[in-house]
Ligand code: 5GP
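The chain below stands alone and is given as structure tokens, in the form predicted alone.
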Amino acid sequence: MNIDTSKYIKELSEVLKETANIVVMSHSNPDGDAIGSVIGLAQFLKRISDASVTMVSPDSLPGFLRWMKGAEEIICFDQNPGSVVKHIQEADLIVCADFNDYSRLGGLEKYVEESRARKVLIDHHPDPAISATVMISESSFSSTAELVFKLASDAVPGIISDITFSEAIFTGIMTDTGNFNFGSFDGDTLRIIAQLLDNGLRKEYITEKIYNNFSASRIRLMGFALNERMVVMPTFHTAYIYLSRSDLDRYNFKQADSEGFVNMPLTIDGIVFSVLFLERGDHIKLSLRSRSNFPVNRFSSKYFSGGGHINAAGGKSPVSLAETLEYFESLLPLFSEELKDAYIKTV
């Protein structure tokens, strides 16, 4: 994704002139792109500013991301709420990384909205709902991490030799493309990966930490989900997995244990639309994925208070799991032709 970053770099330079305390923050339930982007941005901002840079997250990092250099410096609101709130209140610049709606901040939403600090948005999701002093919103990028790389490498060419920066960027790009299996990555994305590899990136080490770092209970949960909780609906080229609170408790569910589950039904011949339903407290969390041109972001936005990309989106439902599944199935006939068309485009 070859964009002219000069305008963005100039705008960043202007706001940094009057900045002493920067907070770089991720969305709740952070994934690889969120954490990779936060760490990458922190390294970049330290290179171009004398300001203090603090990284925060609404929630604790999942186990498969805690190995990352710089991750130990991220302050998590669920573990140290007082410290996070203090940093936000003292910040004169808040950088929102990999999210474009304050509703993605969980318990931190009110503190960020109340803050008088200037805001910088750096994100790749469409339709931003945040108004910021500097808006760097580019939905054509595979990941926010790829966008961060473009900005940082154009402003500070030598930053690619920083292993903390490079590993964070690679982690963000790799995880948001499902190890380069889906998403809007292109030749430019792969040329970035080539640059990182040429500069000594430990690809095998990172891949091992990300994809071969799970607990036995997580693997058992995955087997249970596929065998007992997957529903395949060939008529609509759709499959979904549902997991109740008792299912999750049975397998000692930890944050991010369900990472990747939603993609598995898409490996079934004829399936182009997949959804994962998780019972979480007072709501049902949805993860939606698709192949071809079926727009899960539009589907999620219209029916499940969500949004995202054409092939990857999230949402939620305020009613019970059973009611949510019944409602979801009732919607599929409305999209019969679109789903059929999406399937035809894959064969």
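Bear in mind the structure is a predicted one, so any value in this text is a computation, not a measurement. Counting begins at 1, following the sequence as shown.
In what follows, reference is made to the form predicted in complex with the named molecule, a form of this protein that is not presented.
With the named molecule omitted here, the record of contacts in the predicted complex names 301-309 of 301-309, 53-61, 40-48, 318-326, defined by a heavy atom within 4.5 Å.
At the 4.5 Å threshold, heavy atoms of residue 229 stay clear of the named molecule in the predicted complex, well away from it. Not displayed here, the named molecule is approached by residue 314 to within 4.5 Å at the level of heavy atoms in the predicted complex. Mapping the unseen interface onto this chain, residue 287 counts among the residues with a heavy atom inside 4.5 Å of the named molecule in the predicted complex. Within 4.5 Å of any heavy atom of the named molecule in the predicted complex lies no heavy atom of residue 87. If you take 115-141 and check each residue for a heavy atom within 4.5 Å of the named molecule in the predicted complex, you get just 125.
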